[in-house]
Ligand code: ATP
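Only one chain is included here, represented as structure tokens and corresponding to the form predicted on its own.
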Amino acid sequence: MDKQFVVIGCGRFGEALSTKLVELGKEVMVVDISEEIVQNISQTVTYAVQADATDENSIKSLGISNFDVAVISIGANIQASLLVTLMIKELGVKKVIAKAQNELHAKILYKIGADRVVFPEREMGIRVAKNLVSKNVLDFIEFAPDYSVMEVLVLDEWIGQSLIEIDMRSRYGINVMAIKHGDDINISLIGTYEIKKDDILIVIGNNSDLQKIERAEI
């Protein structure tokens, strides 16, 4: 059975997240204290409910425990963020993801049971910065302290060579996960594939190795 999502707090992050989940075919319920926000998002998501998420009775009445994933995207009210995260976790939601304002906020969220903590503004800032300083990097996702995934333009010396000939794993310490060319994406790569000028490589590796590509010094 497909996962069901509940998003609590519908600011810019919560709205963007909810909208994208629906576009991906997921069932999404949004909960926000603002009647205006609920009305605006109601035509986009599966359900939109006006409720005070800090009120335990209100949350229970919504059947939150039936959802697989809860995203706590409450904005600057750290106290409300912590209280709602704790309640949602105690109600038995399988996975709770919470938005944090700072490191201390994140630390407390983890302590009270959040399965994952995100910093949307900081993460987007890092991605934009990576794109600004490198002519090769199109997109960047850091998924662990030392490892990342990047979309990169091919270097001139790669064009016309096969993946076997370039041998990125042994020479550069990175792995090619997929190759995009126009609207096509190839995830079933074979070693004889020859790199083309307009290819975009999706690579994974240690940050220190990936930085070589950013500087085009490989």
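Throughout, we count residues from 1 along the sequence that is shown. Since the structure is predicted, the reported quantities are computational estimates derived from the model, not experimental observations.
This next part talks about the form predicted in complex with this ligand, which is not shown.
Partner contacts here mean any heavy atom within 4.5 Å of this ligand in the predicted bound form, and among 181-189, 149-157, 53-61, 168-176 they occur only in 53-61. Using a 4.5 angstroms threshold between heavy atoms, residue 31 counts as touching this ligand in the predicted bound form.
This ligand in the predicted bound form is approached by residue 12, whose closest heavy atom lies within 4.5 angstroms of it. Proximity of residue 69 to this ligand in the predicted bound form: non-hydrogen atoms within 4.5 Å are absent; the residue sits far from the partner. Of the heavy atoms in residue 45, none are within 4.5 Å of this ligand in the predicted bound form. Residues from 48-86 that approach this ligand in the predicted bound form with a non-hydrogen atom closer than or equal to 4.5 Å are 51, 52, 53, 54, 73, 74, 75, 76, 77, 80, in the order they occur in the chain.
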